[in-house]
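Only one chain is given next, in structure tokens, and it is the form predicted on its own.
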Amino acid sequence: MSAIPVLAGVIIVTFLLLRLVPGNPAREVLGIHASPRAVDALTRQLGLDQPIWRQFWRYLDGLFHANLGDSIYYHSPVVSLIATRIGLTAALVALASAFSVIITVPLAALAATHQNRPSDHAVRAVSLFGLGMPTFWLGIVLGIIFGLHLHWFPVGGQGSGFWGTLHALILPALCAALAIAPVLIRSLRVGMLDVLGADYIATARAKGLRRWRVTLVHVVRNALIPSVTLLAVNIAYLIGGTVVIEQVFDLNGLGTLMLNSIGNRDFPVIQGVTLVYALAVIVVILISDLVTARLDPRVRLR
């Protein structure tokens, strides 16, 4: 139920903030050499001369009818623009989330099971270094190494076909995963250290279970419970961070659409993309709650 007030807040705040941004969308569309009469005519045509409350009511009426309006700059429905680009951004976020889990779990397990040993110090040092790396800088470095020198992946573009797109998304997804992995590694390591000291872990070892089985079945599963929520928060952060990643790797997704629309003062597109981002974050948080309930029987009992 909390999703409804969150969405309402996003809708209201986005609408009001856009009206506070300097610049007239009509002027952006017509160019700097357009006459004042032409700008005023387009402003009236777009309804931007009406009171704020009337513009907001018209926007809400469109939302209730599943209509996000028409783009001022692209001259096409906002729903169509989002539909053509949302797949690429969703694939990027999904692949980055998978990479972050693949990176986090082995490194956190290695550090926790070898506490205060060289491998633990190495993992902690790498994660600490990763916390200070800007995403755009990391993307440039990965592009230079794996794209320009090794020629393993393209440094820009989104490819064609399923496998071509997947190949083109590996570097951007890896960049996004490396940006959030340090926080997850440190969190999961602490959680695993707490679990390793529990009595049931000592019992499992006393039964003669193999070390890898104890680590995967008992330690990782129980330590993942608090880390799942942190992963969801970072994925939510990653959804917004795709704006930077798509610019670095020249991907034509929702992030690029959002950035271009901000520059063009395209209010309907900005509002539509922001709403999609908000819905995506809510869905991610909901999935994390369901996964937490699956991992922790105490949540299901409550």
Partner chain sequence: MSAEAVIGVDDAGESIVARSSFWSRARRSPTFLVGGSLTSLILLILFLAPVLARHNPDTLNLTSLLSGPTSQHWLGTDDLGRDEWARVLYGGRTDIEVGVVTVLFPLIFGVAIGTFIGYVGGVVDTIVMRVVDVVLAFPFYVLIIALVAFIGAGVHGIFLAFGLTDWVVYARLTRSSTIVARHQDWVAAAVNGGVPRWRVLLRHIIPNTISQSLVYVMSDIVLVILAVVTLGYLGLGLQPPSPDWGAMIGEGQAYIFTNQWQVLIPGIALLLTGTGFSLLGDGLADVLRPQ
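Keep in mind the model is a prediction, meaning the values are calculated, not measured. Heads up, when I say rigid core I mean the largest set of C-alphas that superpose within 1.5 Å between the two forms. Positions refer to the first chain, counted from 1.
Below, we refer to the form predicted in complex with the partner chain, which is not included among the displayed structures.
The partner chain contact in the predicted bound form: His121, any heavy atom under 4.5 Å: His121 lies outside the contact set for the partner chain.
Using heavy atoms and a 4.5 Å limit, would one call Arg85 a contact residue for the partner chain in the predicted bound form? Flag for Arg85 set to no.
Taking any heavy atom pair closer than or equal to 4.5 Å as contact, tell me whether Ala94 reaches the partner chain in the predicted bound form. Outside the cut-off, so no.
Would Ile102 count as touching the partner chain in the predicted bound form under a 4.5 Å heavy atom rule? Taking the distances in the predicted bound form, the answer for Ile102 is no, it never comes within 4.5 Å of the partner chain.
Only one of Leu166, Val79, Ala98, Leu148 gets a heavy atom within 4.5 Å of the partner chain in the predicted bound form. Which one? The residue from Leu166, Val79, Ala98, Leu148 that makes the contact is Leu148.
Could you tell me which one of Ile140, Leu178, Leu193, Ile170 places a heavy atom within 4.5 Å of the partner chain in the predicted bound form? Among Ile140, Leu178, Leu193, Ile170, a heavy atom within 4.5 Å of the partner chain in the predicted bound form occurs only for Ile140.
Work out which of the listed stretches, 71-79, 104-112, 126-134, 85-93, brings a heavy atom within 4.5 angstroms of the partner chain in the predicted bound form. In the other structure, the partner sits against 126-134.
Those residues of 246-264 which, in the predicted bound form, come within 4.5 Å of the partner chain by heavy atom: Heavy-atom contacts to the partner chain in the predicted bound form: Gln247, Val248, Met258, Leu259, Ile262.
So, superposing on the core, is the move of Ala280 at the CA at least 2 angstroms between the shown form and the other one? No: Ala280 shifts by under 2 Å between the shown form and the other one.
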